[in-house]
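As C-alpha cells, one chain now follows by itself in the form predicted on its own.
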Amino acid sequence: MNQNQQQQASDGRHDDDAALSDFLASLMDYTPTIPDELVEHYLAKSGFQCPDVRLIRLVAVATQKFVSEVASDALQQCKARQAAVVKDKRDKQQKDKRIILTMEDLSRSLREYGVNVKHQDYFADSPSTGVDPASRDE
C-alpha cells in the first residue's frame, strides 16, 4: 500500500470508530421495547454477564429488529395463504377481511431464519370451538 491508501484506510477506521461511539452513546438515551431487565435475565441465563447498559440495549435493539422481521414475514405468509383461500372460494363473497395469523404462518417465517418450531397438534371438540359466538357462520 502506498502512503495515500494507508491514510484513507486510517481515516475510514477512524470514521467507523466515531460512528460506533456515537451509536453506543445514543443507546444511553434510547428506551428499547424489550426491557433491560428481561435482556439481562436471558443473557445471565445463557452465562453472559455484562455491567455495560449500552451492550444490554444493543442486544435489546437487535432482538427487537429480529422479532419485527419475523412478524413482518409471518404477516406476508398469512396474506399469501388467505389470498389462496379466496381464489379457491370465488363463488362465495368474503365479507370478513380480518387477518388471522396462525402458528403455521409463524413457523414458516421462523424457518426462514433457521428456527424450527415444533408444536403439538390442537384438537377441538367442534370446528367452532374457540370462535366468538357472534362471528359464527350459520
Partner chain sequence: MSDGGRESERGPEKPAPQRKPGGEEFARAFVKVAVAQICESEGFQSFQQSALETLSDVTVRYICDIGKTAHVYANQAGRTESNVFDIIQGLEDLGLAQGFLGASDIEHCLASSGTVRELTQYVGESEQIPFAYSLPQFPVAKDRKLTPSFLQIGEEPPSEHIPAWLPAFPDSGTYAQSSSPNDRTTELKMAKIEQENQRRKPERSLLNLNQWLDSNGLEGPSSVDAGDAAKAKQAAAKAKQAAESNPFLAAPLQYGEKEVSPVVLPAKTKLSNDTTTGNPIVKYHGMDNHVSVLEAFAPNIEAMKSGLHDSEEGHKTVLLNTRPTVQFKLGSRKKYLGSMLDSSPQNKSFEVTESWIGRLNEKDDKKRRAEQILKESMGNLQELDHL
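Numbering follows the first chain given and starts at 1. Because the structure is a prediction, the values reported are computed rather than measured.
Another form exists, predicted together with its partner chain; not displayed. Remarks below refer to it.
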Would you please decide whether Val85 lies within 4.5 angstroms of its partner chain in the model of the complex, comparing each non-hydrogen atom pair? no
Do Val70 and its partner chain share at least one heavy atom pair within 4.5 Å in the model of the complex? yes
Given that the partner is absent here, does Ala25 sit within 4.5 Å of its partner chain in the model of the complex, heavy atoms only? no
Evaluate Ala80 for contact with its partner chain in the model of the complex, applying a 4.5 angstroms cut-off between non-hydrogen atoms, and reply yes or no. no
Output the sequence-ordered list of residues from 21-45 with at least one heavy atom within 4.5 Å of its partner chain in the model of the complex. Phe23, Leu24, Leu27, Asp29, Tyr30, Thr31, Pro32, Thr33, Ile34, Pro35, Glu37, Leu38, Val39, Glu40, His41, Tyr42, Leu43, Ala44, Lys45
